[in-house]
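Below, in C-alpha cells: the form predicted alone, a single chain.
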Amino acid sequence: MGLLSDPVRRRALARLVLRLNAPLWALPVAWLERTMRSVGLEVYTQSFSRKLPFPDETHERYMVSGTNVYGILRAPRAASTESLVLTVPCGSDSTNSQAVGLLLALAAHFRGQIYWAKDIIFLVTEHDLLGTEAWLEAYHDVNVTGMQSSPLQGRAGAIQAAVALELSSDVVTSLDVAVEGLNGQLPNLDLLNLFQTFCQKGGLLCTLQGKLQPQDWTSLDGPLQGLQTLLLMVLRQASGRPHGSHGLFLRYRVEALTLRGINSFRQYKYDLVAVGKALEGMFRKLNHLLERLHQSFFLYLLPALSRFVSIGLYMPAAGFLLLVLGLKALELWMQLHEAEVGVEEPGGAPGPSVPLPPSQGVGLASLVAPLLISQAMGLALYVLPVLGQHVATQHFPVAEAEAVVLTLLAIYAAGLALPHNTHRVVSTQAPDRGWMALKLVALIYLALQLGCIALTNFSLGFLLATTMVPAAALAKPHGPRTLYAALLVLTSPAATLLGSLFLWRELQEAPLSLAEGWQLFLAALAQGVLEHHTYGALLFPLLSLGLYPCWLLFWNVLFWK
C-alpha cells in the first residue's frame, strides 16, 4: 500500500523507536509536540488530574495527574464533520513506546496523502485508561466520572471509529484483538471483520483471546478450541471491565478495537511495517464510510475471528433458565391460592366468609422486614467499604485498599446472620406459608434482574443465571437443609466470582493454586470497586445493590422458622 516502502521512512521509523526505547516514566510532552508539528499536524495538549477513591495498588497510584497529547490531520477534501482516531495509551513504564513510534510514522505517511475525507486524530494518552477517559469526556463536553481536566483547544468532527494500539516490541509474532468494552459493550462486527480482512491480506497472523484460530472445524479439536475461546470471551465480557482503551470509546457510541502485539508464537515474525500496512488499510476503508457502522451485529459471541454466534442463537439459553424461575413462581402462587381457598371454605358450603386469624393469612408485614433488611445489607455493602476506609486504617494496621476489601468481606459474611435477625422482627406474625410468599417475591425479583442484565450484558446474565437459578429453585426450609445451604453458598455472587477466576486461568492454561486464587480474588474485589468509581463500571453496584440482597432472601427462606 505504499507505507514505509522507501528506505527514508524506514530509517525514520527506526529512529523514533530507538528514541522511545528509553523508559517513559513521564510522557515526553514537549518532544511529542515538536514531532507532531514537524509532520504537519495541528497539535494540542490536555492536562487532567484525578484523585482515586483509594490507592490503586495494582498500578501504584492514588493522586493522578498527567497530560494527553493529540494531533489532528485535517481532511483536505471535506469539511471537518467526521473523524477517525488512532490512540496509543501510555502507562508509567515504556511497554508501549513502540506503538508511539508507529503512530508518529503513520501520521507522517498519512500527511502526504490527499484522499482523506475524514479528519484523523492521533492521540497519545498518559496513565492509560485514565487519560483516555479524560480526553473523551472533554471531547464530548461531559463529566461522568468526576475527572478534572482542561478543555480541549482543538476538535475535529464526530468520531466514527477508533483503533487503540499496544505494542511491547518492534517485532511481533501476532496481533491480538480485544473487543470487550466497559459493561460488556461490543463494537460492531463489521469493524472486527475489517481487521481480519487486512490481516489476511497482508499475511499477518491475528488471534482472539490470545488463541490461534482453529484450522479444521470438522475434527473434534477445532470445536473444542472454539469453545475455549468463546468461554474466555464470556468471562471477560461478564467482568464488565474495559479490556483496552477502546472500551471507553464504546460508551460514546464510537466503534473501536484494541490491537495488541504479542510474542507467544515464535514461528511467526513480523516487523512494524506489516502492522502499519494493516492499520493503513483499515483507516483507508473507514475513510470511505458514508454513515456509522450499523448493518452488522452489536450483540454476538466469538468462538473464532471467522465465526460468530448471534443473539438469536444464544439468547434462548438465558430465556430457558429464566423460564425455570417463572414456572417455580407460578407453582408457589398456585399453592398459596389453594391453601387460602381451603381455609376460607373448609366444608364447601355457601355463606359469608369468616375473617381469618392473623396466624392463618399471609400478611405483607411478614415480608417487609426481610426485604428491608436484605436491601439495607446491600446498601451497606455498596457504601461502607469506601466511606469507612479511613476509620479502618486508623484502628487496624492495614492499607486503604486492604481496608476496603476486608470491609466488603465482613459485610458480606454478616448477611449469613440475617435469618435470625428477621425472625426476631416477625416471629409473632410469620405464618407457616410466609416462606412461600417470600420465595415467590424473591423468584420474581431474581428473574427481573437476570432478564435486564442479560439484555445489556448477556455473558454476565447467563453466568449468574447458570449458578443462581438451580439453588434459588431448590431453596426451602424443609428437606436436606445442610445440602441446600451449601448449594446456596457455592452459587452466591462471591463464590461465582471466585470460581470464574479459577476457570479463566484454567482456560488460559495458567492454573492457579488455592492461595494464588484467593489473592487474585481479593485483587479483583478491589479493582471492581475502583473501576466503578473511576470509569463507571456497573458490576459492583449490580452485585451489591441487586443480586446480593436477592440472594439473602433465598438464604432467609432456607432458614425460615
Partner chain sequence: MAAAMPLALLVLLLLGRRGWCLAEPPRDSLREELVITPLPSGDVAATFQFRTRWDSELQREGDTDHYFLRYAVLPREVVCTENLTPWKKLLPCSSKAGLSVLLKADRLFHTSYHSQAVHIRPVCRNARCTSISWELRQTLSVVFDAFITGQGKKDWSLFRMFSRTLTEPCPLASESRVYVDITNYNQDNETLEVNPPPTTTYQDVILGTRKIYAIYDLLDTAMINNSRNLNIQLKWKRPPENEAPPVPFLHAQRYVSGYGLQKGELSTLLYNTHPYRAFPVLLLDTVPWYLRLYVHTLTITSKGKENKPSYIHYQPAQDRLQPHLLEMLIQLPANSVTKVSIQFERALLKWTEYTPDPNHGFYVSPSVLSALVPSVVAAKPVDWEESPLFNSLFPVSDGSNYFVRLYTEPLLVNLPTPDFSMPYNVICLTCTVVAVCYGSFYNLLTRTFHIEEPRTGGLAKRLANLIRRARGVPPL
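Numbering follows the first chain given and starts at 1. Computed from a predicted model, the values in this text were never measured in an experiment.
Omitted from view is the form predicted together with the partner chain, to which the following refers.
Among residues of the shown chain, residue 37 is one whose heavy atoms approach the partner chain to within 4.5 Å in the predicted complex. Looking at residue 333, you'd find every heavy atom of it more than 4.5 angstroms from the partner chain in the predicted complex. Though the partner is left out of this view, residue 466 does not reach within 4.5 Å of the partner chain in the predicted complex, counting heavy atoms only. None of the heavy atoms of residue 300 is located within 4.5 Å of the partner chain in the predicted complex. Proximity to the partner chain in the predicted complex, defined as a heavy atom within 4.5 Å, holds among 171, 452, 313, 78 only for 78.
The partner is absent here; in the predicted complex, the one residue of 146, 223, 154, 203 having a heavy atom within 4.5 Å of the partner chain is 154. For the marked spot (51, 236 and 243), a heavy atom within 4.5 Å of the partner chain in the predicted complex is absent from each of the three residues. The chain is drawn here without the partner chain; in the predicted complex, the stretch among 405-413, 324-332, 377-385, 154-162 whose residues come within 4.5 Å of it by any heavy atom is 154-162. Heavy atoms closer than or equal to 4.5 Å to the partner chain in the predicted complex belong, across 279-293, to the residues 290, 291, 292, ordered by sequence position.
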